[in-house]
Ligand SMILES: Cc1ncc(COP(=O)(O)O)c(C=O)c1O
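Only one chain is shown below, in structure tokens, and it's the form predicted alone.
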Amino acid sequence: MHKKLFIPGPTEVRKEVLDAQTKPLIGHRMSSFTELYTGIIKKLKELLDTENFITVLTASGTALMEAAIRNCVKENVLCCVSGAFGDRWYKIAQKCDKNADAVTVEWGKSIKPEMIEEKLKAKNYEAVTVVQNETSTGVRAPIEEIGALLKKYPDTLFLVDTVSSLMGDKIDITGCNIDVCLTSSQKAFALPPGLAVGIINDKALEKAKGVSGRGHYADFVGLKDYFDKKGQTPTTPAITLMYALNTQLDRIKQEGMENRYQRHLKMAQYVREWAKNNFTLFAEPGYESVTVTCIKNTKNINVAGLNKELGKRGFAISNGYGKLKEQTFRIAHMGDITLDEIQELINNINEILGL
């Protein structure tokens, strides 16, 4: 029996989108692929309301986390760490031999603009990294306020991980002053894993031109040059996933970005209210994620046991991440999941737990 996924990725993929992958293959140097890929980029720009350079790589989002560091930082970078994925970006920067400093808060709390400003006043940083939606804790970073702060520091690039939020949460890339925005296919896009999307502005591209050791696979300058000349990717892409992405972008356009955001918001509000009535939210008040709710296990339920019982009924949620296992559990409400499906899941949890 298929378990419907209410986990923070991979998310449920609708049959129409899965079926799109079964089309016959085309060559990635054929004009038919150029037409497919340039069409995808055009649709992304329209949906995200941006004229920034967009690239779709055959990779996970982590590849673009590394690429953002390698392309945009010569020496000094400030990493905001409020959970597992902020910490991952910090470690990536260290492994890329950059001078990385961290703004660190307790898991469940959010990084605040004043914490960043304190660091920026003390040292010149080429970039600040922020995970906008921390799935390990269910915390949403205030990128609107952080972006406004960084306008005072024009030489510091704003690198933002929206892996688990773009196409679900409302993110104004230009309005938030984001220089590099990165995401993955398997979260709010509601696609299979395997594609990473980078939205890179001219400021970041100019910076990259002066940075050595950008690497080959995800060199922003090389990617843009190749796209400008040929309308393709320099290396072999996952063509079947591109078919799925193309189909899904049409479906997202049909739903409408504002409608999609409102659907995500309603699901989030429903799960939060249920959690508050029966448990406690793990996220700091006012900084709750729009795409995944992390719930503090105040009733000391057996989370693994609950998930096992849910599995028998055709559902799957997530235990706590890493050190939060059994201390918390997570319910994702992202992608193409509907409020009706969330209500069905919650009703089943209520029955199993006797709530």
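From 1 onward, residues are counted along the sequence shown. Quantities reported herein were computed from a predicted structural model and do not represent experimental measurements.
The following text describes the form predicted together with this ligand, which does not appear among the structures shown.
Against this ligand in the predicted bound form, the set F33, T55 and T233 makes no contact: no member has a heavy atom within 4.5 Å. In short, of 163 to 171, 144 to 152, 237 to 245, 211 to 219 it is 163 to 171 that has heavy atoms within 4.5 Å of this ligand in the predicted bound form. Between this ligand and the residues N307, T62, Q327, T50, the one pair within 4.5 Å by heavy atoms in the predicted bound form involves T62. With the partner omitted here, the residue from T129, T135, S82, N71 that has a non-hydrogen atom within 4.5 angstroms of this ligand in the predicted bound form is T135. For the chain shown alone, R88 is a contact residue for this ligand in the predicted bound form, at least one non-hydrogen atom being within 4.5 angstroms. Residue contact check for S110: none of its heavy atoms lie within 4.5 Å of this ligand in the predicted bound form. Using a 4.5 Å cutoff between non-hydrogen atoms, T156 does not count as a contact of this ligand in the predicted bound form. Mapping the unseen interface onto this chain, N201 falls outside it, with no heavy atom inside 4.5 Å of this ligand in the predicted bound form. Counting a residue when any of its non-hydrogen atoms is within 4.5 Å of this ligand in the predicted bound form, the hits in 171 to 193 run S184, Q186, K187.
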